[in-house]
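Below sits a lone chain in structure tokens, taken as the form predicted alone.
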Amino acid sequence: MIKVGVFGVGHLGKFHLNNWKAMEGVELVGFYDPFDANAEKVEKDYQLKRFANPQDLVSLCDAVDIVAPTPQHFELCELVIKKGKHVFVEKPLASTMEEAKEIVKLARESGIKLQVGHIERFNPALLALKEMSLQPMFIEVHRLAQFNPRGTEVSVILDLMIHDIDIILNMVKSDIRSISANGVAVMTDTPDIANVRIEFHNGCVANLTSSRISMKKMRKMRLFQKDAYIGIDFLEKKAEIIKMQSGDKLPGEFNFDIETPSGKRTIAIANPIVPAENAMFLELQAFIDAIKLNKPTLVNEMHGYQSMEVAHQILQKIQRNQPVA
């Protein structure tokens, strides 16, 4: 039985609590949250002990789930890691690159398991493509959300776009050659909408647009590679594949022929079956499995650091492009 404590039981923290309570082999020890009104309600609704002192909670746990606001990530990660406990921390890993670097150092030196909450890695629409070789040379991403004051302590890059940065860095096995970016602060003091172009040394190009002031929600990624197009809808949990037929049939594949300059080719269209899975449950379960089986976490501290590093490079590019009064 893995004993887990939760730091932060706000809007997102409650989703974490629900998933922990549904997981076998996990015992929820309690939670820490400095906000009395919210904490008292959680204590009553979940019949879960509230700890007034973070150290007391950590001492009773095998692993800690940090769902507190980003500015608190470093302090809490440092406390937990130095106590030798495993850490799940929501993205982004930390507020600054210096803090993120120190977390990576502490985690490596201690040997604990650390996983960063890049939940889209566990989105069923992406998992439905796990048997397909993804080697994109052009990527187009749109991640749009309606304005919500929650999460605006960081820019839209670190709030929304970082999900797609993480996926792309994991998918494109090449170093970044250049980044160009532009963004505008509309409702907050940091960029609320941004457009970014990332060029990789292998020739792949990724165009990303993220906004948290949109009238509608959208979370789509389109991949173009040799002989194939792959569409992923993270919001609707759907995926589609259009590719040149090469012998291996996809489940539910529909074929038709076209004439090309090199002769007749067969086009295959398929919509992979997307399992009805809960991405948050999957990522938390993966964290627990890594502890139990003593294996690497799927989204480790270096993944979190690298995504943050690219996000901060994007923010620097945006700042340089701002008009000077």
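Nothing here was measured: the structure is a model prediction, and the numbers come from that model. In case it trips you up, residue 1 is the first one in the sequence shown, and so on.
Quick note: we don't show the form predicted together with a small molecule, though the next part is all about it.
Trainee: Quick check on this chain: which one of 58, 68, 26, 290 has a heavy atom within 4.5 Å of the small molecule in the predicted bound form?
Mentor: Contact with the small molecule in the predicted bound form is made by 68 alone.
Trainee: Sort through 38, 271, 285, 300 and report the residue having a heavy atom within 4.5 Å of the small molecule in the predicted bound form.
Mentor: Of the candidates 38, 271, 285, 300, 38 is the one lying within 4.5 Å of the small molecule in the predicted bound form.
Trainee: Taking heavy atoms only, is residue 9 within 4.5 angstroms of the small molecule in the predicted bound form?
Mentor: Although the small molecule is absent here, residue 9 would touch it in the predicted bound form, with heavy atoms inside 4.5 Å.
Trainee: According to a 4.5 angstroms non-hydrogen atom cut-off, is residue 191 in contact with the small molecule in the predicted bound form?
Mentor: The answer is no: residue 191 has no heavy atom within 4.5 Å of the small molecule.
Trainee: Can any non-hydrogen atom of residue 34 be found within 4.5 angstroms of the small molecule in the predicted bound form?
Mentor: Within the cut-off, so yes.
Trainee: Would residue 92 show up as a contact with the small molecule in the predicted bound form if we use heavy atoms at 4.5 Å?
Mentor: Residue-level check for residue 92: yes, a contact with the small molecule.
Trainee: Only one of 121-129, 73-81, 101-109, 165-173 gets a heavy atom within 4.5 Å of the small molecule in the predicted bound form; which is it?
Mentor: Single hit among the candidates: 73-81.
Trainee: Report whether all of 13, 117 and 150 sit within 4.5 Å of the small molecule in the predicted bound form, measuring from non-hydrogen atoms.
Mentor: Heavy-atom distance to the small molecule in the predicted bound form: all three under 4.5 Å.
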